[in-house]
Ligand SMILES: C[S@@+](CC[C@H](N)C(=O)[O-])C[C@H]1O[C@@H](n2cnc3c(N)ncnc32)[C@H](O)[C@@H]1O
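In structure tokens, the next block holds one chain alone, the form predicted on its own.
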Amino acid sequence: MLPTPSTSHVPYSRVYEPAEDSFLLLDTFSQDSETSFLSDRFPTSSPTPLLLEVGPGSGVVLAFLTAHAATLFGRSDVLTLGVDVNWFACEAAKETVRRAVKEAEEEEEAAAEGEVGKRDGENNGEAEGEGRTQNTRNRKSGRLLATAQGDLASPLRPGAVDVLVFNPPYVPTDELPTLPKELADPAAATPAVATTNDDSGKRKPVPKTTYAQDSTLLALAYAGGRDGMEVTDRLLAAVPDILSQRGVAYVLLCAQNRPEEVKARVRAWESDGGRWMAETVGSSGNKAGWERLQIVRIWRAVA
């Protein structure tokens, strides 16, 4: 069983905390059926896949997919990106991925050194060096390119994404929250800012927030508007342009989002590159109520 990335560093007062929906995504990607699908969809002989998670929040899913790329995709040269409207989520997700990849690499190195220690040979020094070289070659983690603040997949050019993951704000609400202007561009928030160290050790500005702003940042992660689908509908409308020809999307829905209608709508999309498919590949254990969750996989079936 693959370990769940740690999110102990995440500021939950501003960033969505991993919950049943997050863990359902981890379980779905860990299924043999999905690892087989992804390995077949992206064979090692094909170009390097680009994975985008829209709204990574704490980064637990993005970190899981990055750190365990070789196991989940059958290849480790997977490049990953995260785009979130919440600046704090971008920073948290980046750190979650960094920690998860580091932990995975340390485990690989320990395993490789353990194998070396079992070898019988006259030159233990050469064996140890060989083991470390082999461990580097057999890297199992993908590579995070960046986490960026943005709206859905707007920072990317059309057709660039091979794997799209979206755990949307799916709770039905009367209205959608809007990002506070002063948090839309942290670099411009010159008054009343704190500072923190980035990966290079340099100091950078961090916007200070009020309780009301923090509440809005959290609401952006769960409030989905009418039927909980207003944000999801925007993303779905863009999927044919976002995905590459071989691309596949994983979108989380709750019962009140009317997933069967969503799947029927996707299957009716027109495409010159193959028939659009939509299937449920993961679901929560709850048998009733609007909170029952499912993961819908969307892809083109090439004839």
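The structure displayed is predicted, hence computed values, not measured ones. Sequential numbering from 1, following the sequence displayed.
There is another form of the same protein, the form predicted in complex with this ligand; it is not shown, and what comes next is about it.
Proximity to this ligand in the model of the complex, defined as a heavy atom within 4.5 Å, singles out one entry of 101, 183, 144, 231, which is 231. Heavy atoms within 4.5 Å of this ligand in the model of the complex belong, among the stretches 71 to 79, 101 to 109, 144 to 152, 207 to 215, to residues of 144 to 152. Proximity of residue 220 to this ligand in the model of the complex falls within the 4.5 Å heavy atom cutoff.
Contact between residue 65 and this ligand in the model of the complex is not found at the 4.5 Å heavy atom cutoff.
Shown alone here, residue 259 lies farther than 4.5 Å from this ligand in the model of the complex, counting heavy atoms only. This ligand in the model of the complex comes within 4.5 Å of no heavy atom belonging to residue 161. Against this ligand in the model of the complex, the set 16, 56 and 83 is in full contact: each member has a heavy atom within 4.5 Å. Taking a 4.5 Å heavy atom cutoff to this ligand in the model of the complex, the contacting residues in 165 to 180 are 166, 167, 168, 169.
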